[in-house]
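Take a look at this single chain in structure tokens; it is the form predicted alone.
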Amino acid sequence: MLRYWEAIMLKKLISKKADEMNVSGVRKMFEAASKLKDPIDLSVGQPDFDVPDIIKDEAKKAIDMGLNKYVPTKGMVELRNKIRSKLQEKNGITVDIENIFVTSAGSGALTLAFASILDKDDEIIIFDPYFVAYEQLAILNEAKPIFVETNNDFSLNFEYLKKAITKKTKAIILNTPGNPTGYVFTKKELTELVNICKENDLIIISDEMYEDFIYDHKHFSVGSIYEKTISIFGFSKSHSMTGWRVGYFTAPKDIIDAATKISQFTFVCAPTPFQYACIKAVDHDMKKYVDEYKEKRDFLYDSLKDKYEFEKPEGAFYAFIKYPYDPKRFINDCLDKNLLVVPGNVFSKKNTHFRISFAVCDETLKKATSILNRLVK
């Protein structure tokens, strides 16, 4: 009886928004890995290489020089100038420095973007499969996530999209290269998407955190052809700075101004010493790591393609693979073999696939593919 009343009281302590949010399925697997002895962990999207020494040295230097205090909310001017040049040269996005906002990683950029544009009952379109944070951030802002199924190869289905747009639709969010699919949207797809957004006066949130990990195509930023775009980038994946928490986005002035106000009372600013390090990171060539990940991608695909059905990832470092048999039994069979993968319903309203990350050492990848192949008779 006491536990019942404790539960009732706990319910009153938390907000309805928090209660409606789900615990991250990826983090659940991360915690599961910590409890296993020598797990073969393909669950967490975290690069297996370290931050390059030249960038670490910049962070150490900043700390030792006492550069540990607050900086402007939108980020250091020196870093934003570097980012402005990068955006123009690499992404085809020409913006003023005042339209660039340095954030506490990509998660901070997403949080500020959602909070800056969404009101209660606004609708935001999310393409399924999707990154786990999108739905939860919509709930946190009392907006309504509208899920639009993609085609079998994860390309956009424009018929489904047009049917999903209503008078309440405020924005569309996309992720390219995609997590969990590794799909890369083409320029043709994004151009058609922009035409639809123009017709309906919609904002695009373009999550491009994996822009450097592209293996077969050239990355295209939709912000280069559509002014009402919030383009999100970062250093966490590209430079293996997942714990440093530095990202950035660019957006129209009104959105930047709103994000600034929100950040002043939440994040305040991204970590100062790491902003100094990111000045060096912007220009640091990470091509050798990307080339290594392409080799991992090729090995994974060649190892599993005969027994599993999945699209060859074009970018990022994930594969979204169809279950070979009953999902629950398959996940349990993987756990019995000390292998951690993420169930597909973490990223989708369906549970037809599972996600693996190939951002692991070659030995781990070989062990994992061997186990996966043995599971399929």
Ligand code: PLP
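Fair warning: this is a prediction, and the values are worked out from it, not measured in the lab. In case it trips you up, residue 1 is the first one in the sequence shown, and so on.
The next section is about a form of this same protein that is not shown, the form predicted in complex with ligand PLP.
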(message) in the predicted bound form, does every one of 185, 221 and 231 come within 4.5 Å of ligand PLP, counting any heavy atom?
(response) no
(request) Evaluate residue 134 for contact with ligand PLP in the predicted bound form, applying a 4.5 angstroms cut-off between non-hydrogen atoms, and reply yes or no. (result) yes
(request) Flag residue 181 as yes or no: does it have a non-hydrogen atom within 4.5 angstroms of any non-hydrogen atom of ligand PLP in the predicted bound form? (result) no
(request) Check whether residue 210 has any heavy atom within 4.5 Å of a heavy atom of ligand PLP in the predicted bound form, and answer yes or no. (result) yes
(request) Answer yes if any heavy atom of residue 297 is within 4.5 Å of a heavy atom of ligand PLP in the predicted bound form; otherwise answer no. (result) no
(message) Considering non-hydrogen atoms and a 4.5 Å limit, which listed residue (245, 144, 84, 284) is close to ligand PLP in the predicted bound form?
(response) 245
(request) Could you spot which one of 105, 126, 100, 197 gets a heavy atom to within 4.5 Å of ligand PLP in the predicted bound form? (result) 105
(request) Go through 297-305, 284-292, 112-120, 231-239 and give me the stretch that gets within 4.5 Å of ligand PLP in the predicted bound form, heavy atoms only. (result) 231-239
(request) Can you tell me which bits of 264-287 touch ligand PLP in the predicted bound form, meaning any heavy atom within 4.5 Å? (result) none
